[in-house]
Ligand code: HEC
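Starting off, we have a lone chain in the form predicted alone, written out as structure tokens.
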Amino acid sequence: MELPSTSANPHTTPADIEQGRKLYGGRCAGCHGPTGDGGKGANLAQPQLPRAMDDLSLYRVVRYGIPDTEMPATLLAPREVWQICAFVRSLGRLASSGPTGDARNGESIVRGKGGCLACHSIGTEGGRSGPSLLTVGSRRSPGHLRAKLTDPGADVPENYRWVELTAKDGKKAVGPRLNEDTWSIQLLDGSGRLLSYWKKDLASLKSERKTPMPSYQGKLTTSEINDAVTYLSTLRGIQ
């Protein structure tokens, strides 16, 4: 991995940021949103980025991607990478309108009526079949969180697969796929247990890009969804 000789971004003029905006629009906006407020990719419109606290670490992420995620590497020239970095930093300086709901009521909804902890965890509480919510407020924008609550199947990550299988002995298993190769597959069941199967021992195997998460449109009021989004936006890990 070849890194630049400087640790500070040398291309931060208004012209560089404008060029970075154009490069970002063609290569990054599809996942991170036109204004960086998240989507399939992380929310970039915030003052501090957990994976890129300084210029060099941001350059590394943009240039080389993040292993085992959908964040790819790029073959852009170093100057162009720096220009994208300059534009991304500018997103964190933009004023953004945060959620305006009642976070306390939102917590009650997430833990109670919404049933979110049946699948998701917050720290040591909750299930393991869905992604952890402990840092979701730093990774996802309020708009993305609201979209996930109302239409969760609209933007499922490419590498996420929901597995339904039946072994030759008749046992069935359903859950998110963790790993898969030519000979075996591993998944989590509803209680968060890791299950592993040899494919030669399976009678059927169905793996789809979909989510079992239900839509809360009509199940929660608009106000309740707003409260839940407000609470989820406060979840930023251990401070």
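Just so we're clear, the structure is a prediction, and the values are computed from it rather than from any experiment. If you superpose the two forms and keep the largest set of C-alpha atoms that fall within 1.5 Å, you have the rigid core. Quick note: we count residues from 1 along the sequence shown, nothing fancier.
The same protein also has a form predicted in complex with heme C (HEC), omitted here; what follows describes it.
Site residues His32, Val61 and Gly114 are all in contact with heme C (HEC) in the model of the complex, judged by any heavy atom within 4.5 Å. In the model of the complex, heme C (HEC) stays beyond 4.5 Å of every heavy atom belonging to Ser191. Shown alone here, Arg177 lies farther than 4.5 Å from heme C (HEC) in the model of the complex, counting heavy atoms only.
Among residues of the shown chain, Pro152 is one whose heavy atoms approach heme C (HEC) to within 4.5 Å in the model of the complex. Contact between Lys199 and heme C (HEC) in the model of the complex is not found at the 4.5 Å heavy atom cutoff. Heavy atoms within 4.5 Å of heme C (HEC) in the model of the complex are found in one stretch of 166 to 174, 180 to 188, 62 to 70, 199 to 207, which is 62 to 70. For the stretch 43 to 64, the set of residues having any non-hydrogen atom within 4.5 angstroms of heme C (HEC) in the model of the complex comprises Leu44, Gln46, Leu49, Pro50, Arg51, Ala52, Leu58, Val61, Val62, in sequence order.
Once the rigid core is overlaid between the shown form and the other one, Ala154 does not reach a Cα shift of 2 Å, moving by less than that. Core-superposed comparison between the shown form and the other one: the Cα of Ala86 travels 2 Å or more.
With the core held fixed, Gly112 shows a CA shift below 2 Å between the shown form and the other one. In the model of the complex, the separation between the C-alpha atoms of Pro142 and Pro72 shrinks by 3 Å or more relative to the displayed form.
In summary, the C-alpha positions of Thr69 and Trp183 diverge in the model of the complex, ending up at least 3 angstroms farther from each other than in this conformation.
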